[in-house]
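The chain below stands alone and is given in structure tokens; this is the form predicted on its own.
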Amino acid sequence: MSNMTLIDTIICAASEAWRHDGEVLATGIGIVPRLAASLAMLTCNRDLLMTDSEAWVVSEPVPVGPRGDYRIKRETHMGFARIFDNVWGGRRHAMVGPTQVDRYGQANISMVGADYRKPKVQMLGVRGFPGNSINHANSFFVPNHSTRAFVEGEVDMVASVGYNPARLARGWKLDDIDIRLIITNLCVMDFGGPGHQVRLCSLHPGVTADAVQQATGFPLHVPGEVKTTPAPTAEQLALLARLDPHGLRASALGA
């Protein structure tokens, strides 16, 4: 499988995260999540709402990269006040790119290292992760599936809520948490295993369940039969060419 074919397969699989959402605001952080949300809006969920990444709701996804003659089709203003109304009201589904994820689905974008006062690597801080994760649905895109990303214990800094009963806010239940899909360069996973255990949903072509488990720092729930992640259709490939005319997605998985 070529690098571009794998990336396109990942984007198409990631677009399924929004299929059954209806009219919610989609936010894709990074090139792959953004293209996945755009693809979903044009195929499996035409009720999906997207912004131009500034202050407007758009009637069609905005292509990534230089736009040339393309003119954004704006529908209505959507400033921060309306964004937060959607966030706090649960009418949003974001796909984000955490640096670490643990067995509970707790994510980390803040720092790496055992000592928070002296981190090995300082990153973004928690940003909007705490409020977003407890208010609306989230999915994850992790471009390099390894035990450094899917850690053995808890993430080094818990930036977003997960299915961890020890850290639930007062009055919350595990079923109130809504983490949908985890898409990586090896597979698609969710939290549909027993007790919200991370479950293997599909394997990208050429990948085995054993390879995914070896690259994961905690036990996975592996069903008796795991399907292969579907290849992109001709329609999906044509739409991706339109959404990413400069091929920026080619570097999404790194070297």
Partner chain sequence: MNKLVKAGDVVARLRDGMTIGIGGWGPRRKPMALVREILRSPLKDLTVVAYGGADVGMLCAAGKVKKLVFAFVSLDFIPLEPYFRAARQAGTLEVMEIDEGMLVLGLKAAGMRVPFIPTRTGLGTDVLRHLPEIKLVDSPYDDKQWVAMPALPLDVALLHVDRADARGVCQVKGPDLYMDDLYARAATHTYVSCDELVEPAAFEQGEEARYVFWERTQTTGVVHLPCGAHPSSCAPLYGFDVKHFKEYVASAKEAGGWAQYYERYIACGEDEYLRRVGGAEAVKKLPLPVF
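Numbering follows the first chain given and starts at 1. Since the structure is predicted, the reported quantities are computational estimates derived from the model, not experimental observations.
Here the subject shifts to the form predicted in complex with its partner chain, a form of this protein not shown in this document.
In short, of 206-214, 61-69, 36-44, 183-191 it is 61-69 that has heavy atoms within 4.5 Å of its partner chain in the model of the complex.
With a 4.5 Å cutoff on heavy atoms, residue 128 counts as touching its partner chain in the model of the complex. In the model of the complex, at least one heavy atom of residue 110 sits within 4.5 Å of a heavy atom of its partner chain.
In the model of the complex, its partner chain sits within 4.5 Å of a heavy atom of residue 171.
Interface membership of residue 228, defined by any non-hydrogen atom within 4.5 Å of its partner chain in the model of the complex, is ruled out. Annotation for 112-135: interface residues with its partner chain in the model of the complex are 116, 117, 118, 119, 120, 121, 122, 123, 124, 125, 126, 127, 128, 129, 130, 131, 134, 135 [heavy atom within 4.5 Å].
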